[in-house]
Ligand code: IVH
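Next comes just one chain, in structure tokens: the form predicted on its own.
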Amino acid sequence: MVKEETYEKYTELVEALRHHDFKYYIEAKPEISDYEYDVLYKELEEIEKGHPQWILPSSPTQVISDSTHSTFKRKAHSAPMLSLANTYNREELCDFVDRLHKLLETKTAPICAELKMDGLAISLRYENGVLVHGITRGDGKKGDDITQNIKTIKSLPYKLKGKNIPEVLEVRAEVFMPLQVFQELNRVKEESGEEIWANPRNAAAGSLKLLDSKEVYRRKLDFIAFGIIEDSSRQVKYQHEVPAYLKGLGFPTFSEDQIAVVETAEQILEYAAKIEKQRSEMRFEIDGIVLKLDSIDKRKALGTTAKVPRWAVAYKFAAEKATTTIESITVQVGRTGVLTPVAELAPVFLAGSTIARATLHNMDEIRRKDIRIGDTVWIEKGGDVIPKVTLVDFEKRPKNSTPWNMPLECPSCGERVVREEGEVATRCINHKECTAQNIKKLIFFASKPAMDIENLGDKVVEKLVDSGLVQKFSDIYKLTSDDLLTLEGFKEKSADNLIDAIEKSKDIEFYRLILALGIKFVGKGTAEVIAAHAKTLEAFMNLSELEIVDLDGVGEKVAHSVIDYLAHPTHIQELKDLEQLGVKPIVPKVATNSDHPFFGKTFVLTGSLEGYTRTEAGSLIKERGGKVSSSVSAKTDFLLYGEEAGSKLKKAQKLGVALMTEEEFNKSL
């Protein structure tokens, strides 16, 4: 609560919260933590309680923040999607329990406790067992129709399973990006010099708002269904029965040990403590627990306010934070030349481990938070692999403090660094001779996702480079046991083990080799598509830009990057050297059933298919010897189309391309 309440300060607080709502819901780039937001929100509530005549219709306490996106169709919710009130302590929990008793005029009120996921809330509607649409929360009354994008989620059922399928079923669910996926994608973004996501929730929200469903599919989103809004069969009467019921229909839900029926504040806190211990082992982020009146029928009697249901509340965990000081700021150079500042911290224990370093991401982030050497800072462990600095305690800043700036020269090779217009990254463009870049490239080449050379870790690569034994990828395959025995730490057995692992990697899957090259913008999915098309190293080296662009799921930016890589004679020579040294990537198997109607035929997919994502349908076509293209031309044999097919359908009709419905596709399979 502010010390002096004035109408001017009240309106400033309203505008500040509206600004943070915009950064969180629309841009998915929050500037403050959830806890800091909640503190400001409670301050606003207190002011409005004391001065109800000041309340503005636009106040965040009066309206649900609108997260709709102008590029999506808006669709009305059959029932409002409300927010939840937040609680943080035992006193507030007791108030909630007492309020339920008072409203229900009873001494006991069983409450279902479950996880509070930190994702994106959506509503899914099924009619006659078939998915009709998926809508985001939006402003609570209308949301974005993201049906096409949620169909890319592998765990999402298009058709419900079981015997007693209701005619109408509407469920609430939470879409999330698995922590492992989030960490890997953020690592790739940071290495490419792109702005990273603040947390998995923002990553999921940003992914669902993409216009390209193929790119959404590559983000590997998942979801969990947790609530029922409408069920024509009325088979469930209690919230604790919902997970088992929805699981029987084919939805991913909370497990039995993740929910509990409780009645008192003590039981709630006991459940919360159990869940908080399990928090670090979960594959998705949670920031607390949700408490709902267990009886679904009795909820109607309690009703809702303009923003929140009276029968539910969230109990949020304290953020995993600690204070420490920044002793220095060092700069790491990544394999693409991106310079990343890192805070070297006075070691502090946080969330089960001792933290001595925290990424500062880029110069923009340092300026925005005004981070300096010697500062006392709050660090937080969220979805990132490396903890991050969230706040600076300016009152404890040393008097002789000065702003920190990115070095003008690469700390590894001494060459001048550049920052291109429109990019957040500062780069060393000395790609040929920068030792740090070369070491990172070699480390990635040998890593598990790429060539998977066991025992060739970071420290070993550094020793090999320092000794002069390895400078490029092909040098790895020239190593002998005698070479390794000259290095500190190697004995006969460890040397032989590494040589065996290097030999084994020669027969790696083709896409892994393409990925290992470290071509900008080429991730695992893109590498798989290119490998399946090229089939041989020779064909890969001779790819044209038009050929790559025509591949399903590969855009112009990626195609240009691949061609730019292949245009360098040194890269081509390196690929030839790898081949001569025995690296023979495994060529994907091609369907040999020439009798199948798909064999040798080129398909283009458009519109929304009922039983498959377009990626899944494309895989089925390829398994039968067919090809999938992203654009319609005179060479297209079939256009497989679903609902809301657009310009591709019109073009196919104009060119006389054979049209195939999903029903015809199923019969042909």
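What you see is a predicted model, and the numbers here were worked out from it, not measured in a lab. Position 1 is the first residue in the sequence shown; the rest follow in order.
Omitted from view is the form predicted in complex with the named molecule, to which the following refers.
**Student:** Identify whether the named molecule in the predicted complex is within 4.5 Å of every residue in the set E114, M117 and A121, based on non-hydrogen atoms.
**Tutor:** Result yes, every residue of the spot touches the named molecule.
**Student:** Is F254 close to the named molecule in the predicted complex, meaning a heavy atom pair under 4.5 Å apart or at it?
**Tutor:** Taking the distances in the predicted complex, the answer for F254 is yes, it comes within 4.5 Å of the named molecule.
**Student:** Closest heavy atom of S83 to the named molecule in the predicted complex, within 4.5 Å or not?
**Tutor:** S83: contacts the named molecule in the predicted complex.
**Student:** How about G334 - does it come within 4.5 Å of the named molecule in the predicted complex, if we only consider non-hydrogen atoms?
**Tutor:** Because no heavy atom of G334 falls inside 4.5 Å of the named molecule in the predicted complex, the answer is no.
**Student:** Does P309 reach the named molecule in the predicted complex, with heavy atoms at most 4.5 Å apart?
**Tutor:** Although the named molecule is absent here, P309 would touch it in the predicted complex, with heavy atoms inside 4.5 Å.
**Student:** Heavy atoms within 4.5 Å of the named molecule in the predicted complex: which of the stretches 138 to 146, 397 to 405, 240 to 248, 285 to 293 has them?
**Tutor:** That would be 285 to 293.
**Student:** Could you tell me which one of E174, E547, D475, E365 places a heavy atom within 4.5 Å of the named molecule in the predicted complex?
**Tutor:** Answer to the contact question: E174.
**Student:** F226, F182, F223, Y126: which sits within 4.5 Å of the named molecule in the predicted complex by any heavy atom?
**Tutor:** If I apply the 4.5 Å criterion carefully, the residue I get is F226.
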